[in-house]
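Listed next as structure tokens is one chain, alone, in the form predicted alone.
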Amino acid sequence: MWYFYAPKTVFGEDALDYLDSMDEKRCFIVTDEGIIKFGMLEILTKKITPLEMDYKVFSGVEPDPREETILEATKICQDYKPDLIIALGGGSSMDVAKAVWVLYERPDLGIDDLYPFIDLKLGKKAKLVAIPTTSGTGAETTWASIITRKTDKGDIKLEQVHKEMIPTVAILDPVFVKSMPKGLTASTGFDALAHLSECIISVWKNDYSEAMALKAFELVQKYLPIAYEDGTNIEAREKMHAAANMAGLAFGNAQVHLGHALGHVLGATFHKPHGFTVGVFLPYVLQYCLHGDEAEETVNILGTFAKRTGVAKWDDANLDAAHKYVAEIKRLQKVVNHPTLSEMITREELDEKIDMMAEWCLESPSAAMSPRSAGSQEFKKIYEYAFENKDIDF
């Protein structure tokens, strides 16, 4: 028996009007200063003010949100006692809001208690509404909260997960994404591409996620270049918003793997945008999974996926088709000026941190979802090959 998890999803122009139908009257909004600066918080507050909904704003979310931020927001939330929590922003705001929701509902728990094998019974105090302002993270659909913790050896990213952390409602209104700058459009677009590409070959792969991934790829391939070049194209913005959501549903129910282990560690160590940290490794982890004794199934899945999406011809051998899919990812990287690893960090930085990063990759739950296992030496080699822009041959 198997379950497909998803929030109630409201999509399209004026999707924010869904709030009119909600009975809750006390709202805790989790967001960041950039959302306020660019007027997106005002769009939300203008909607809820006529509804006679009181609200309190926590705007202290930072990129790669730290556990201290979550604890601070939780204290404010507990004092305010809302019956509705709204996450407004990118993946960071939604990660914070999910954790705050749990700790508000269950003050007996701590951040380390956010794991799958306990019964949380959320929803007795509040509902959680997620409103993404970027098109890529898919966090409005998923049961994960990525939290940065400071250690003696540096920052690490905790991957805290629980099925009950999926938001009650996801509202996808393109009004919030039409002003994304080029860099953010590219980064979040590749986050979605990494989600759909990794999940179709993960050990938890399934037909439902593959179906979502197929449509998501079709939309990303067509509309990411358009949204990147012309951010005012509302059709492209709406289609990328849909693609990100579908990619989130796909990986939320099938899971990502090595690219996210590598990317999370790189992001925690050097504080680079998440979409770029997972996007930069995507071609290399797919190539890695196409090698090895256990590669036959992966070759067949990725090759067939490439044919179904039109990247390869139906009479191509599956291995050739799979490599054409990798080539298409590299082409899209060039189209949106995706940085290479050597443009993100220096050789000296890599040499200094690579041993530690390889060990931290082993602690990532995502790594266990890969169809081909990797140890610290393999992680080191992938970092090296990515930095040198070499195709994986091992």
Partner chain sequence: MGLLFASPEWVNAYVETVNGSKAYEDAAKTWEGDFVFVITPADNLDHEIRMYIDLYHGKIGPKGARILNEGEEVESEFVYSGPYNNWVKLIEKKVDPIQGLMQGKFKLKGNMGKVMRAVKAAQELVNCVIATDTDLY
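Numbering follows the first chain given and starts at 1. Remember, predicted model here, so these are calculated numbers, not experimental data.
Quick note: we don't show the form predicted in complex with its partner chain, though the next part is all about it.
> Give me the residue from Val102, Leu158, Ala306, Cys77 that has a heavy atom within 4.5 Å of its partner chain in the model of the complex.
Result of the distance check: Leu158.
> Name the residue from Val57, Leu362, Val336, Leu51 that puts a heavy atom within 4.5 Å of its partner chain in the model of the complex.
Exactly one residue meets the criterion: Leu362.
> Where does its partner chain sit in the model of the complex: which of 197 to 205, 77 to 85, 168 to 176, 94 to 102, heavy atoms within 4.5 Å?
Single hit among the candidates: 197 to 205.
> Counting only non-hydrogen atoms and a 4.5 angstroms cut-off, does Ile345 reach its partner chain in the model of the complex?
So Ile345 does not count as contacting its partner chain.
> Hey, in the model of the complex, is Glu297 touching its partner chain, heavy atoms inside 4.5 Å?
Heavy-atom contact with its partner chain at 4.5 Å: absent for Glu297.
> Does the 4.5 Å heavy atom contact test between Gly375 and its partner chain in the model of the complex come out positive?
The answer is yes: Gly375 has a heavy atom within 4.5 Å of its partner chain.
> Answer for Tyr115 alone: is it within 4.5 Å of its partner chain in the model of the complex, judged on heavy atom distances?
Contact with its partner chain, yes.
> Relative to its partner chain in the model of the complex, which residues of 1 to 39 have a heavy atom no more than 4.5 Å away?
Met1, Trp2, Tyr3 sit within 4.5 Å of the partner.
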